[in-house]
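Only one chain is shown below, in structure tokens, and it's the form predicted on its own.
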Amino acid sequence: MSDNKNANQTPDTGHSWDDGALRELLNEPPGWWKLGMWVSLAWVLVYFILYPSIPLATDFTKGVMGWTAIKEYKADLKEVEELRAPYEAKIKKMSASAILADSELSSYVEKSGKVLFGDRCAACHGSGGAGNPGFPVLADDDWLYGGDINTIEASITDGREGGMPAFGGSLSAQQLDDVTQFVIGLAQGTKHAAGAAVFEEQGCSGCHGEDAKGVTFMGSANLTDGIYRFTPGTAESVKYTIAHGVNDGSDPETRNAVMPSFADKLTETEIKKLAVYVYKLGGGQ
């Protein structure tokens, strides 16, 4: 109701309820409300004139300012690219190892490489290189093929595909259990004589080395550090790998472990950035 006015003296619409106790009045809205409405309508009109606003059949009204979100984005992107240009020009002419040795460029690549890693690598290797089941952790200092900057760059460029034969068909159930316990014991500092004999008889040291610490040029795993690619590294998991191998085409249940080549997916500059970023993630060798 309007202020200082008796409801019985105010015209109404003729609608009433509860024997006239409730009536629909014809009071004018408050002045502040009407002012707000007209200001809002005026702002809508100004906005429609200044900015893109009305969709048409095949286009839209452009507005006298010619502003669009895409234009603003492109202007911001151009500004960022201009700031990055001096660094990008240097990186393009330098090797990954030279970039790593330059503290300023290395710091720049560490930040820009993080975006690349998130887009291209994190789906397999996890955020920050923390790893996922079946994919190596990149944030530690354990490397199958070596962790120097040139090797990391080669891994990204050419990809990797290790291999381990399946022993399930050539070992008895007892032998599988024995060699499994031997492998687990290597990381725990315990010895399993029967398993050691199987390990030697099957020529496992030919790939994993006499000390079982792996051979980098073959990409064979270090069996003494307790780091397992195929988590959780339980006896059953280790036994499965021994029985079915890795990338063994003769065993339909073999483990799959393939790092794709990015030579055709990334530019040389992007690969160098990722190599430096990954190196710094795990304190490369």
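When you see a residue number, it is the position in the sequence shown, counting from 1. Fair warning: this is a prediction, and the values are worked out from it, not measured in the lab.
Just so it is clear, the following notes concern the form predicted in complex with heme C, a form of the same protein that is not shown.
Checked against heme C in the model of the complex, the residues Glu72, Glu161, Asp211, Glu81 give one hit for a heavy atom within 4.5 Å, which is Glu161. This chain is displayed alone, yet in the model of the complex one of Pro86, Gly203, Gly169, Gly128 has a heavy atom within 4.5 Å of heme C; that residue is Gly203. Remark: of stretches 224-232, 28-36, 63-71, 50-58, the one touching heme C in the model of the complex is 224-232 (heavy atom within 4.5 Å). For the candidate spot formed by Cys124, Val183 and Met218, every residue has a non-hydrogen atom within 4.5 angstroms of heme C in the model of the complex.
At least one heavy atom of Tyr145 is located within 4.5 Å of heme C in the model of the complex.
Residue contact check for Pro260: one or more of its heavy atoms lie within 4.5 Å of heme C in the model of the complex. Contact annotation: Phe117 falls within 4.5 Å of heme C in the model of the complex, judged by heavy atom distances. Mapping the unseen interface onto this chain, Tyr108 falls outside it, with no heavy atom inside 4.5 Å of heme C in the model of the complex.
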